[in-house]
Structures are given as C-alpha cells and as structure tokens.
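The form predicted on its own is given below as one chain in structure tokens.
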Amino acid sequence: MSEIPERQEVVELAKRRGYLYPSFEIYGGVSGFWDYGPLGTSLKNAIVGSWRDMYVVRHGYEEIETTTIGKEDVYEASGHADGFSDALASCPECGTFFRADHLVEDHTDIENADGMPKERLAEILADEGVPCPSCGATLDNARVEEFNLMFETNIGPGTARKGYLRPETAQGIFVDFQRLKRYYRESLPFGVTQVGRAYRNEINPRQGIVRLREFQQAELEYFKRPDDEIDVSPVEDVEVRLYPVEEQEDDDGEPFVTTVGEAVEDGVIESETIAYFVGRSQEWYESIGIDPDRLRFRQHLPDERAHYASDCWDGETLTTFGWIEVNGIADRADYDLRKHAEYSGEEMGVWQEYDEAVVREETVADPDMSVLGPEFGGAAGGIADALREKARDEPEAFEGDEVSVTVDGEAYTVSTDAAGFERREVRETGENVLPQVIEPSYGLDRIVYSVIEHSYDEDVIDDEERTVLRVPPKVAPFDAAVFPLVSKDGLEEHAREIEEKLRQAGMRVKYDGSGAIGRRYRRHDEIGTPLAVTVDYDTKEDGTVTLRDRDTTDQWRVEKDEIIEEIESVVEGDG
C-alpha cells in the first residue's frame, strides 16, 4: 500500500490542476457543493464509461434515464417521505444545527450512533456534556428531532402538487417497472441501469468533497426470481477484503482477505448474487485505480440497514477522511415493487411460464344460495364464505352428508349438496412472480475522489522531487500530451500536426508549449497524463519523436507513423 498523502495536498492539487472546484467560490461557497473542472469532468466521464462498459456492454444490462423530480406519492410508497431522515441537534445558545449522531461519535466511544433513537442521542449529549462545535456551549438542553433529507419543491404554480428532488436514482426504475417488464418480455432475470444525479439536503456536511448535497450515482437494479442466483464461478477466485457483522461485533474482530468463492462456501456472504457483484466491483475498482489494500466490503449491522434492505455490503475506500462508503450492494427483496403496487394499485408481478404444465387437485365449494337464503336469512352470505374457506382448508369435512361451520360464534349445519362441494383438477401453465431485487449502487463522486487520492504519489527523479498522479491510462483525463521541444524553428508546426493526427484517431490529447520541457513533464506527471510526445530537431531530420512514460520516466524514440499504435498499447494496458 502506498503512503497515504496529506488531505490538503490532494485537495489543493485537485483545485490547482482543474479536477475539482468549490461551488460558488466567488460568493463564499456553500458546504456540500463542488464543481468538476476540465480534468475532473474528463476523469469522471471516463470512470462512468468504464462502469457502463462493465454493466451495459459486457453484462447486457440496458440503461434508462428517469426524471430527477418525483411526485410525493412515489416517496410515500418508497418510505422516503417518512423514514429518510437524520437526527438534527440544534444548539440552544447559538441556534446552529448539527448531526446529533456525529456529535455523539466525536465525543464518545460509540462508533455507530446513526440509527439511535433521537431521545437516546439527546440523553448522551446531555450526560457527556458535549460542547457545541460552533459556540462551545454545552448541549445539555439541545433539541434533537428528525430532519427529512429530501429537497422539497412544488410541481407547477402554487402548492397543490408537492414534489421532491430524488434522493436516489432507483425509484425511477421501480416506477417504470410495468413498462420495463414488457420490454423484457416478462423474462426474468434482467437488469436495468441508470446513471444520474441525486440530492440530499445534508444537515451539516463536514467532509468536503466526499459529503455532497448534489451528487451522481450509477445504479443497477437486478430483477430475479426469488430462488434464482447468479453463478459466482466467473469471479470465484477474485480476492476481496470482507468485514462481516460477526467481525464488527467482536472486540478483536478485523476485516480479512478471502476469495469470493470461499466467502460463499463458508457462508460469509449468503447470497451468491450479492457475492457475484462484490467480485465484479472489486475487479472494476482495481481497474480504475483504487488501491486494493485500501478497499474493503463491510456488511451492514442489523440496526443500520436501510428500511428496504434485508442484507447489504458496502464497498469502502480508505482515504484521508477515513473509511468512506463508495458503493452498496443491497438485497432489496420485493420491498419496492410491493410498495408501489400497494400505493398505485397496479400489478407489478411478472408472469413466468413453467417448463411443463402442473396439474393439481383443487377443492372448492359453490354454495347454493337458493337453499341457504331461505333457510338462514341474513346469515347466508357469511355461511357461504365460511363454506368456501373450509373447502379450501379442510376438504375432508365434506365427506359426510352434512358439514358444520361457525359464523360470528354461532354454529350452522348445511347439507353437503347445498354446500356445492367438489374436487377438480386444475392445469397451471405458470404463475405471477413478484421479482426480488439486488441493487449494486455506486457513488461516483466519492469514487472519483478516491481514485485521485489513491493515485497521488511523490517520488524523486534525478534528485528532484515530483508529484505524480498514477491514474490508470484508460481513465486518465488525457491519453497523451504533445510538446514541441521549443516553440521555434518549425517544431511547433510539426507538433500541431501530430496533435491533430492523434485527435482524428479519437485520442484525448493536450498540446503544451509553455515553459521549459522539464517543467512541462512535471506538470503532466501531476495531471496524470500517461505519455508525453516530444517533437525535437531530430523529428525534422528522420521523422521520429520521443515518447516519455509518466510512471517510470523512461524515454524512447518511435517513428511518427507508430505513435498511435504506441499510445493505444499503453492506454489499453498492453504496453
């Protein structure tokens, strides 16, 4: 594991080199909002492209795009309207707001205060004499209440129709499920992906770049039959660092390295489908520059799981902010589809044909109301319902000439003929199945920051210290930089010609003719550009250029006609 840099060094490089800018900086900024500069946008787009390559191209899970504003009904059904909240503490002296669970974690030995009842959090603040981080007054009488994290808005003029900025991208997929199941011809399993913005009105974001109020997610909703699992064999040998509940609850417990196959075999991860996506996530993270020694998958403790999740494993990266969650792989069961079916009144099941028709015996009662009505009067309807239920649950009760039922505590006897009892064969060709959902969800902004920090390195080249971003070439903001050795004697024209040739070949190229050549090398080392193409006087004589590798600083000569092939070799990982 490379040495973890100082946080300020990474943040300053990100701001200085055009990766990340504080939003509204000229107006003093607002916590929880950051903009992407040119390099940051390029890096993020490359990471998103790599994610799409993994799930959309190689797995065939198709992508949709849904609105970022949702009707109130949607979030009432999903549970966000009532349950998507954090504990808000307000200082009685200065009126500043804070996350109550964060205050408790900062001033006590409690590690997972998130999810504690608000009353208990208030007690701890008072008992421990926790001071207000703003004014220093003790929070003995601090009020703690639930604060819903969704941004509220109105749809149309007035206040008649309430809406919310979406807190996650998943609900759009669930709301569109009726259309999607038809698109997939009601054939399970299938996966639907979405990349887009989400919004959470955080109380007091205190982790800068990694705690945002507006952020981007990449999610897959994988719909399957309840008893189906993905085969883990393609990833069974992938090594992962796991931190299951048992280890977290053990005073001496620690994360441990195992393989995906062993994790399933040993029962550490119960769902093979979750294990499969853990393995794929591990492979993907390593490919985009996440240090495997600073990556783990931590299982949610029972009291921290989301209201919809029966199990969840978070991908976490170790950064200067500590361990931060970068993705979650959750078993959402049928919670979302069941809730939307309940609130909308629409059918969310998927009709599944059997391989072979199933023939079973069914017992039913079809009471003769022309007999029951005159004999039992107003009780006849209740007696008929009781007979139908008894035929289903106790068919042996109809074997005699009479059958007895109880309605509202009173016993009634009916002739078997009047009960209309019969046994019949039913041929079933399929059934309506409410799919189970496994959701791998990725926080792209935190992933981008983790890649920057994990790629950050300092070394000494020719007795000179340098800063270098060892970003994998496939996601680096540029494929190559093109330098004229000097901006005279026609070298600039040759360099511009090569730049244009590389652009026409579809490469991301940066022309840089400013300053001494050594300074330009250092500048692009810090940016993370994997290769530099230098045009010098020999280029005019023999048509060759110098290629320089960012990581090793090795240099070699190649013909101009070979530049594209050389760069492609490095970017595609063959060089």
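Please read these numbers as outputs of a predicted model, since none were measured by experiment. In case it trips you up, residue 1 is the first one in the sequence shown, and so on.
Form predicted together with ligand GAP: not shown, discussed below.
- Interface membership of R446, defined by any non-hydrogen atom within 4.5 Å of ligand GAP in the model of the complex, is confirmed.
- Using a 4.5 angstroms threshold between heavy atoms, G191 stays clear of ligand GAP in the model of the complex.
- Looking at N327, you'd find a heavy atom of it within 4.5 angstroms of ligand GAP in the model of the complex.
- Taking non-hydrogen atoms only, Y442 approaches ligand GAP to within 4.5 angstroms in the model of the complex.
- The stretch in contact with ligand GAP in the model of the complex, judged by heavy atoms within 4.5 Å, is 166 to 174, chosen from 231 to 239, 108 to 116, 379 to 387, 166 to 174.
- When ligand GAP is considered in the model of the complex, only one residue from F398, F147, F215, W284 comes within 4.5 Å through any heavy atom, namely F215.
- A heavy atom within 4.5 Å of ligand GAP in the model of the complex is found for one listed residue only; from Y308, Y243, F421, Y75, this is Y308.
- In the model of the complex, every residue of the candidate spot (V210, E219 and R332) has a heavy atom lying within 4.5 Å of ligand GAP.
- Shown without its partner, the chain has no residue in segment 60 to 85 with a non-hydrogen atom within 4.5 angstroms of ligand GAP in the model of the complex.
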